[in-house]
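What follows is a single chain, given as structure tokens, in the form predicted alone.
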Amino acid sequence: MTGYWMLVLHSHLPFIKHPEYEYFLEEHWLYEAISECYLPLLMQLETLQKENINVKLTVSLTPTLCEMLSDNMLKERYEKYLQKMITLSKKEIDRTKAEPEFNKTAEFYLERFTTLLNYFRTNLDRNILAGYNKFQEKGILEIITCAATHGFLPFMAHFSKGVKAQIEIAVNNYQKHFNQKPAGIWLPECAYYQGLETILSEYGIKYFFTDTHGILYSKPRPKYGVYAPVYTKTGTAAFARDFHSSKQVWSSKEGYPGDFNYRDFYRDIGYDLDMEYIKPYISPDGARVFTGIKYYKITGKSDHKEPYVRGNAINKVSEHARHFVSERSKQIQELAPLMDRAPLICSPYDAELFGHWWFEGPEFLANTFRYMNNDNTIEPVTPSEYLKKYRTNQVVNVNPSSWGDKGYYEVWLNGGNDWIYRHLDYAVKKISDLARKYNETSDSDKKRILNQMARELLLAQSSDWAFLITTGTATEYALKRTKEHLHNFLRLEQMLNTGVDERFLAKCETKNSIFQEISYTSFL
């Protein structure tokens, strides 16, 4: 062995829970991610473990995602979602009887959804986080945290209490779900600013990740480039993304997911089939949505699509995994003679890429570990394992950066979303003042109000809303969520003087129920 590969999957969704509706479109982001990404990954890990394959994987599970995965109402709704998909798959088998190329795929979907439901109920006992934790206890997974609600930390830097609250609440939430403190953190949007490491160190965070230029442009220049971690002045380590391994998976032009044999994401029966037939399985208001049942492969750039053949796609996955490992091995062999330590290739990705956008992605990851298991030049490693092997690392000033378009902060601060931040700043300063004022209060109503104000502020701080406004994806929903949480915050603030509106407070506590362990004193 001459080098290491570090796979990091960032698993995140904003907190979405709408008990006031039986069906809510954006809740399906969670159900799709569970079915296409989270459960398939855990199932692949089960298989790899039985095969005695050497697997080392780092996964960030953001506090918002952990709270949703452990929410009983959302668990029940997810089960109903799977049951509905099983019913639809059975109907599809009947509908496609005269079309053998589609009928076989319909049978595949029925088997898939049935297997997912059984795994969720039987293997996991409806507790997905326990599934992740099982592999962490076995040393296969290293689970790291993220800021509490994926808040964009550089925009809070001028008022550090907001940053500290995001980190403190995240660490406490990790402790609640995994019975230990997190060793590492995924910075929301990989967004780093100078001085952040001081706060991370204060809460026991030993490492974080940056995009490539975050390390390459650091001062002094990194001796090993991005092929070894660096230390900040507090001793917190920073790992940088390797450009080459990212490009092979991420690139829309050169990446593996664009291969014509893979399943086409956009051709879904929710849009293709007759309205009367598909109506029970889409939005109740008649809006067409993705069902997850898709019969076509990418084929090419033309509108004409050919039927998806699962076997061909899986064969292509094996081919691409073999190529990926071969390319990483070449990298290692080129780097090793130039370094006085084993080179490290760090490959971070959005977890939702593997299964949601790239349907065959979980199989790709499993095959990658299989081929790497038989390669003598490279082996997988987790951040904590690597830092134990190499305790001495270069100290640098990491460069401010993010992994957004153009590499810095523009995605989250531009003419379309800049109005958000003055309101967030007001709310952070206000709750900080109130935390000092009511720090020792014994009034249970005031504590309830202040804790809910903290939840509303944190939810308003989610970087997802500014991102969706910039990209024009779910813009209306992002605007609604931002304004709703700020409105709730201000109305709750009034109650501190006028008395409790029990109906409104209870509504907020039920709908925005995140972080039951929260204390508004985190903003002191």
Partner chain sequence: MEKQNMTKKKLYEIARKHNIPGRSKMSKKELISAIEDIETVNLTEKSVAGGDKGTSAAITNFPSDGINPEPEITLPEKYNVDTLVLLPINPANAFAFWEVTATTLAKYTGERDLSKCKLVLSFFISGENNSQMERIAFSPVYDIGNYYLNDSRINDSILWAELDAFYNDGKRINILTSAKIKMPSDKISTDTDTEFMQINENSEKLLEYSIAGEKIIGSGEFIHRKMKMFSSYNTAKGAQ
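Numbering follows the first chain given and starts at 1. All figures in this text were calculated on a predicted structure; none of them were measured in a lab.
If you look for the form predicted in complex with the partner chain, you will not find it shown, but the lines that follow are about it.
For residue 211, a non-hydrogen atom is located within 4.5 Å of the partner chain in the predicted bound form, even though that partner is not displayed. In the predicted bound form, the partner chain sits within 4.5 Å of a heavy atom belonging to residue 219. Residue contact with the partner chain in the predicted bound form: residue 286 places no heavy atom within 4.5 Å of it.
The closest non-hydrogen atom of residue 320 lies beyond 4.5 Å of the partner chain in the predicted bound form. Note on the interface: of 362-370, 201-209, 98-106, 405-413, the segment with non-hydrogen atoms within 4.5 angstroms of the partner chain in the predicted bound form is 405-413. In the predicted bound form, every residue of the candidate spot (226, 357 and 421) has a heavy atom lying within 4.5 Å of the partner chain. When the partner chain is considered in the predicted bound form, only one residue from 251, 118, 315, 83 comes within 4.5 Å through any heavy atom, namely 251. With the partner omitted here, the residue from 290, 256, 438, 135 that has a non-hydrogen atom within 4.5 angstroms of the partner chain in the predicted bound form is 290.
For the partner-free chain shown, 19, 20, 21, 22, 25, 26, 28, 29, 32 of 18-33 come within 4.5 angstroms of the partner chain in the predicted bound form, judged by any non-hydrogen atom.
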